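Just one chain is shown here, as structure tokens, and it is the form predicted alone.
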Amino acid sequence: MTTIAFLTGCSELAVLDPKGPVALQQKDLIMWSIGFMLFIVTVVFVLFTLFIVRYRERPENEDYEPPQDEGNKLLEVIWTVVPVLIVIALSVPTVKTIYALEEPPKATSHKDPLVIHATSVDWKWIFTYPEQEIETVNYLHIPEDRPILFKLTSADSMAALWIPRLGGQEYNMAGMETEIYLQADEPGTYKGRNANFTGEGFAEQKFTVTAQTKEEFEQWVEETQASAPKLTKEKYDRLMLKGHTGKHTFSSTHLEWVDHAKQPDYAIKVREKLNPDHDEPF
């Protein structure tokens, strides 16, 4: 797999380097599926080689004519049952993992999750901490060893939140809200991005996640609440314009005046209201 990854240019296989329980579960499922399918491929090629060697044409049986047989119950049972067993072997762990990911990680399920609203806008990410009254653009701070409940929605195009080393992905859609639990087991900086194509700016719709100790995260919250400017409706509406922007921090949130899960056309109305020729990033 390392050779394949190198030859295909995938030098950084983040999904195979999990830093949290959700990503670890997904990695285990990926490795199980790959290993099982490699076993099937190996069996097929071994049987294929055996048959073409054993039953190849030879000089001593040049005039041999095989008997014309029809039907073989044993073989028919084998090639019917084996695919069913393969599907069961792949689907059972997949379904168990999918249902397990709907809940907080077991090891930290006794802790209250940190709720973060993640809103996708072409082509930026807006993260809202409702309990802390903080909003950030294109970056996140989270505490380690605590489940994070992301509430996902979109102001326009359908996007997908993906932080490969922590897990994912889950879709962000205008007019509705989806959820996903993620968690970081150790401090560090992780990359996140939109994993669903949304147009010309899709490639740069990225963000960073800084996982910190509990004390460092609480300090970041206090400093942000004390020093960051308030988010005004005018500033937020500028974020609704298509385009890229840098990192921004505010000590209030947009949830006071808009919920994109209930107002899917908010960004469209804002863009129509503002001068379309002045469609510049925030």
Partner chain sequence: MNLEWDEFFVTGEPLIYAADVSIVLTTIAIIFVLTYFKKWKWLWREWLTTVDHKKIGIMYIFAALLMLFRAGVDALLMRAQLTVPNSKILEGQHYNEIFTTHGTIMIIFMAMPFLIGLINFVVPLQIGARDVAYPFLNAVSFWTFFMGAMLFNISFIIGGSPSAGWTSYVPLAGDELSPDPGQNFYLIGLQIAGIGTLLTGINFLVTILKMRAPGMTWMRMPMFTWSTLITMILIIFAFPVLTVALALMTFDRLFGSHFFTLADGGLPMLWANLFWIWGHPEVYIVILPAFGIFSEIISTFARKTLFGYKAMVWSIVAIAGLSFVVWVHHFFTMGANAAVNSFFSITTMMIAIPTGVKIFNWLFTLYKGRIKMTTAMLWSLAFIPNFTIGGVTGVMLAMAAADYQYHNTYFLVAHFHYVLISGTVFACFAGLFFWYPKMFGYKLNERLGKWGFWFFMIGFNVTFFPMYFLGLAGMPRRIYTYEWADGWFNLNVVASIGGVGMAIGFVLLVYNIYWSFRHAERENEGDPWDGRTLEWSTPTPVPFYNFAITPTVKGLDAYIIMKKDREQQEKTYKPIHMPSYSGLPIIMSAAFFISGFGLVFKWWWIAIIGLIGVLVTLVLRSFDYDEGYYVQVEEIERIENAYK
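Numbering follows the first chain given and starts at 1. Predicted model only: the values in this text are computed from it and were never measured. Rigid core here is just the name for the largest C-alpha set that superposes within 1.5 Å across the two forms.
Keep in mind the form predicted together with the partner chain is missing from the figure; the text below concerns it.
The partner chain in the predicted complex comes within 4.5 Å of no heavy atom belonging to Glu133. Contact check for Gly168: a heavy atom falls within 4.5 Å of the partner chain in the predicted complex.
In the predicted complex, none of the heavy atoms of His248 sits within 4.5 Å of a heavy atom of the partner chain.
Although the partner is absent here, Asn138 sits far enough away that none of its heavy atoms falls within 4.5 Å of the partner chain in the predicted complex.
Here the chain stands alone, but in the predicted complex its contact with the partner chain, taken as any heavy atom within 4.5 Å, falls in 54-62 among 230-238, 54-62, 217-225, 250-258. Checked against the partner chain in the predicted complex, the candidates Thr97, Thr128, Thr108, Thr210 yield a single residue with a heavy atom inside 4.5 Å, and that residue is Thr97. Of all the residues from 21-53, those having a non-hydrogen atom no more than 4.5 Å from the partner chain in the predicted complex are Ala23, Gln26, Leu29, Ile30, Ser33, Ile34, Met37, Ile40, Val41, Val43, Val44, Phe45, Leu47, Phe48, Phe51, Ile52. Relative to the superposed core, Val46 shifts its CA atom by 2 Å or more between the shown form and the other one.
With the core superposed, Ser109 shows a C-alpha displacement below 2 Å between the shown form and the other one. A movement of the C-alpha atom of Asn72 reaching 2 angstroms or beyond is seen between the shown form and the other one when the two forms are aligned on their rigid core.
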